[in-house]
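Okay, here we've got a single chain as structure tokens, the form predicted alone, with questions on binding and movement later.
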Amino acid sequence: MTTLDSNPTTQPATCPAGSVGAEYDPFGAQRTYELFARARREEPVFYCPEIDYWVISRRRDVLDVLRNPDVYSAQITLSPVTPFSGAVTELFQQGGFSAQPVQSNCDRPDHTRIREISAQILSAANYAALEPDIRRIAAEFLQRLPPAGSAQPVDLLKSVFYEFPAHVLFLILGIPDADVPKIKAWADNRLLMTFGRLDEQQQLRCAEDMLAYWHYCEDLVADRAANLRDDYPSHLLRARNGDDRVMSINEIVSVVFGLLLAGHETTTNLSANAFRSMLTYPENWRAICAEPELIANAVEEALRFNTSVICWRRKTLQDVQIGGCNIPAGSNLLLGLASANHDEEEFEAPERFDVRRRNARRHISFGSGIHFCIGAPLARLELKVLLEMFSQRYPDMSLAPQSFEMIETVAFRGPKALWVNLGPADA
């Protein structure tokens, strides 16, 4: 990182001339990896006028930003990329929507205070203790699928990946399984509200769901305040112990509101992306079926090759220089996590999917620094379980013919369906 401390006044951004920014579609899936590869070669930092963001494509630059939270603020991480209309803002104000920065979009010292409390329960050890339940839930979903040899293609996204991570998350949050469908629908709309490109009418429709989502979280926390249980909201309330200096009630509601999106949407897309990659390059599927000990590394390669979070966001707190560009304080940065995961400086033949890749775990799909994803061990465990169980039951599974329609946001990326053939029955 180079900061421009010698220049105390904010200067206009300067950057080598290029054209990647004019061609880059921040919401579309077409040519994303191709344009990122070109950017790394020709224009490592480029400006995207459609959303007013500077896009960072090289791994070393992305890591530098993520690891310097006092220079690059997380405050815009969950801000709407497409600004809310006045009608949406009024609806939120009248409806009592009061979500505040608490984790992924929170800077120090508040971030440290809140994360230390959260990490007491959202820990690798506690996630590992859930493995029997995760396997039970996965088995229940697989039992609903046809046996190997069925002639009818199956949409794995709809049948398994869409709801499976939510059922796992709800074990932590103490939410009944019956609420999965409505929370998934709310989460989908919240995703589009925050990271998508909606017109005013679409925003208003989604905003009503987002408001209902918020009130659901308020009611959940209020219920736990009156009836403490052995779950995450209750843990936060016990830690608070009536002291707003530890955590306020609104902060607890905001934490639950955040986890009720991040805790399952990313894993839904991760699972779909991983199975798509495995079956697009079927030698890898055959490899994990024959050698299950490869599955742990296959999880890392799936995260590297086709991450479910392709970009993340930061705002400069002072004038900086990144990749030859002088960028003033107050500028928006879009960090190309997907690009960093395909950076030739770190990964040999990055466009090749290889479950035997020795440095696959060097991906940064979960971020880096103080905001490293607190749910990373759980996401890894869920995907590992799915790969193990599917490879055992459906070793001859293959992709069905289809054209992939992708979620269109600046951050989250995954297919809207994943049709597979379950393969011949065991002899």
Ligand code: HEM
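Everything numeric in this text was worked out from a predicted model, so none of it was measured. The first residue of the shown sequence is 1; numbering continues from there.
The protein also exists as the form predicted in complex with this ligand; that form is not presented, and the subsequent description refers to it.
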Checklist entry - Which among 259-267, 237-245, 155-163, 139-147 is in contact with this ligand in the predicted bound form, heavy atoms within 4.5 angstroms? => result 259-267
Checklist entry - Ok, 316, 203, 103, 194: which has a heavy atom sitting within 4.5 Å of this ligand in the predicted bound form? => result 103
Next on the checklist: Within 4.5 Å, heavy atoms only, which of 134, 334, 337, 207 is in contact with this ligand in the predicted bound form?
Outcome noted: 337
Item to check | residue 366 within 4.5 Å of this ligand in the predicted bound form, heavy atoms | outcome: yes
Item to check | residue 374 within 4.5 Å of this ligand in the predicted bound form, heavy atoms | outcome: yes
Checklist entry - Are any of the heavy atoms in residue 389 no more than 4.5 Å from a heavy atom of this ligand in the predicted bound form? => result no
Item to check | 4.5 Å heavy atom contact, residue 353 and this ligand in the predicted bound form | outcome: no
Checklist entry - Looking at this ligand in the predicted bound form, is some heavy atom of each of 111, 169 and 312 within 4.5 Å of it? => result yes
Checklist outcome for this item: Across 385-403, the residues having a non-hydrogen atom within 4.5 Å of this ligand in the predicted bound form turn out to be none
